[in-house]
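Consider the single chain below, provided in structure tokens and representing the form predicted alone.
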């Protein structure tokens, strides 16, 4: 019996050791090259932080019913950029825009400055801005090859033609581009949230709830994949200013489930979590 008990303990210990190393903070391990794909084996080098999510119930429109319970986070840095892999359970893949449809998304939030007194975790505050890097599933789908025109999204719709597709306008000509912009009023006013994109993420800045706006470029990149009943998303950006080796700042996360009608302020989120930079040695 004693032998059997010892054997069972050894087996359990071995089984536990095969799981990801859990840490109490987000640790960005130093590495020469940063993986762009969420399935890259390099992510196994980084310890995993299990970030608990809570409903955003502070400002309207609120979420009162919990949806996504947690997001698993790993981080790597090459000294110039820092990359995060976020993974969460979501059986429904919501990546197609349309009336009444919401989109799966996630975001990371980091204080613009490393200082003792942190900004409010709800999008910062006046004089204490936060930097947000935001990924959306529909942007990812267009980059992966899905068309983004009315014909692509609504294949059964009957459309004669659009003015910018008129035969006298040579495709790609200045006249054709001008006509296309004329019939895309949002884009003409500088709203680039829709339409084809080169990356599925964007850099934003906020000084409190309701102040989110395009921010200075932090070189954001990203890639997401839906598999095994959930999302796995890589978000990379310039390393936070002042985050030297063995130094710390903070980070927060947010997740939107389109199938749960989450959009804008209606989301699941974390408070501030310590983010540290650590040598791989």
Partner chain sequence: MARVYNWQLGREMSYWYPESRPQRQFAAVFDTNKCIACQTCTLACKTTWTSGKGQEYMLWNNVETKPYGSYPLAYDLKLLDMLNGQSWAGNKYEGQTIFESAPAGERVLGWRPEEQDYAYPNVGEDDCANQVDSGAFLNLPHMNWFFYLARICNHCTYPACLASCPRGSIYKRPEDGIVLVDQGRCRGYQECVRGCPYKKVFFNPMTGTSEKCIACFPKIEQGIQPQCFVNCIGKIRLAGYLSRPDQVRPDNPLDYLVHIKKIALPLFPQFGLEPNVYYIPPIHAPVSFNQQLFGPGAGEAMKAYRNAANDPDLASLLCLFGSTEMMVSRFRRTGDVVAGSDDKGAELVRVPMREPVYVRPAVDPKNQLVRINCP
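Each form is matched to the other, and the largest set of C-alpha atoms that superpose within 1.5 Å is called the rigid core. Note that this is a predicted model, so its numbers are computed, not measured. Residue numbers count along the first chain shown, from 1.
In what follows, reference is made to the form predicted together with the partner chain, a form of this protein that is not presented.
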Candidate site 23, 73 and 207: all three near the partner chain in the model of the complex by heavy atom within 4.5 Å = no
Indicate whether residue 101 is a 4.5 Å heavy atom neighbour of the partner chain in the model of the complex.
-> yes
Contact of residue 170 with the partner chain in the model of the complex (heavy atom, 4.5 Å) = no
Contact between residue 187 and the partner chain in the model of the complex at 4.5 Å, heavy atoms?
-> yes
Applying a 4.5 Å heavy atom distance criterion, does residue 259 contact the partner chain in the model of the complex?
-> no
Of 81, 120, 90, 202, the one that lies within 4.5 Å of the partner chain in the model of the complex (heavy atoms) = 202
Out of 40-48, 56-64, 216-224, 229-237, where are the residues with a heavy atom within 4.5 Å of the partner chain in the model of the complex?
-> 56-64
The partner chain in the model of the complex - contacting residues of 140-155, heavy atom within 4.5 Å | 148, 149, 150, 153, 154
Answer yes if the Cα of residue 142 shifts by 2 angstroms or more between the shown form and the other one on a rigid-core superposition, and no otherwise.
-> no
Large Cα shift (2 Å or above) at residue 176 between the shown form and the other one, core-fitted = yes
